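Below sits a lone chain in structure tokens, taken as the form predicted alone.
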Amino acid sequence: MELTDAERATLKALCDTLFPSIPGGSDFLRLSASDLAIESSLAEAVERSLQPGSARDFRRMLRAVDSPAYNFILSGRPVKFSSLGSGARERYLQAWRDSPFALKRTAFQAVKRLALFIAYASPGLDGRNPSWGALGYPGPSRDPPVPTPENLLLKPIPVDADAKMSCDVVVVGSGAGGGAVAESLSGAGYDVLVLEQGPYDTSTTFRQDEMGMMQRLFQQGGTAATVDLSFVLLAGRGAGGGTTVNWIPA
């Protein structure tokens, strides 16, 4: 579901408002949303990662904020968001953030969360996010990964077509619950089949790239949330489920 040119222009105006360039600030703060490619990454997230219903709602929101008729009904002013000055755009979004209407608050949260996540998580055009220096983060390690010992590697069976398999028990999901149940049943002598939607990664396939690994290891690329966007649902997607993305080294 590709965004139209008009929708992309509105999205750019929204991103420029949420992440403006600040003259006199740090190197990072002097960059604009365009410098960080926020709107193009956000457009790709809408087109590729959001569920169809959420993507339709997002596009509907983009058309609404730039519609003079819609804004006249809601605020009594027939304005286009993209034609407002920066200060007026900020006040417009603040009104949506604090609106008594849940739909407007939800729309604000959708754009804000995605735009700011991209600003800080995207690797940038040269593979180094400009915020890393300001945050004191040295960036991904350049050391080669330590291979996982062969005896610890799983051998998953990829299923990309109709297939028949026999077992005593099917466990759906390989996370903390599914993994423990599968191990207990297998230890009791049952033939167990574990189904997992996501990929199987090892030390040689993991990357220290927040954006890429978020898209790979979380449901809906990390965009899953409650309907009103009050809570983001960071559900693991991959071998190990939540235990892969939420763990503390010993």
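From 1 onward, residues are counted along the sequence shown. A quick note: this is a predicted structure, and the numbers were derived from the prediction, not measured.
Form predicted in complex with a small molecule: not shown, discussed below.
J.: Would the small molecule in the predicted complex be within 4.5 angstroms of a non-hydrogen atom of every residue among S75, P78 and L93?
T.: Not a single listed residue reaches the small molecule in the predicted complex, so no.
J.: Based on heavy atom distances of at most 4.5 Å to the small molecule in the predicted complex, which listed stretch, 217 to 225, 200 to 208, 61 to 69, 36 to 44, is the contact stretch?
T.: Residues of 217 to 225 come within 4.5 Å of the partner.
J.: Can you tell me if L3 lies within 4.5 angstroms of the small molecule in the predicted complex, counting non-hydrogen atoms only?
T.: No, L3 sits far enough from the small molecule in the predicted complex that none of its heavy atoms falls within 4.5 Å.
J.: Do N129 and the small molecule share at least one heavy atom pair within 4.5 Å in the predicted complex?
T.: N129: no contact with the small molecule in the predicted complex.
J.: Consider D57 of the chain shown here, and say whether it contacts the small molecule in the predicted complex, taking contact as heavy atoms within 4.5 Å.
T.: Although the small molecule is absent here, D57 would stay clear of it in the predicted complex, with no heavy atoms inside 4.5 Å.
J.: May I ask you to check whether G177 falls inside a 4.5 Å heavy atom distance of the small molecule in the predicted complex?
T.: G177: yes, in contact with the small molecule in the predicted complex.
J.: I need to confirm a contact call. Of L103, C167, A88, V172, which residue comes within 4.5 Å of the small molecule in the predicted complex, counting heavy atoms only?
T.: By the 4.5 Å criterion, the partner-contacting residue is V172.
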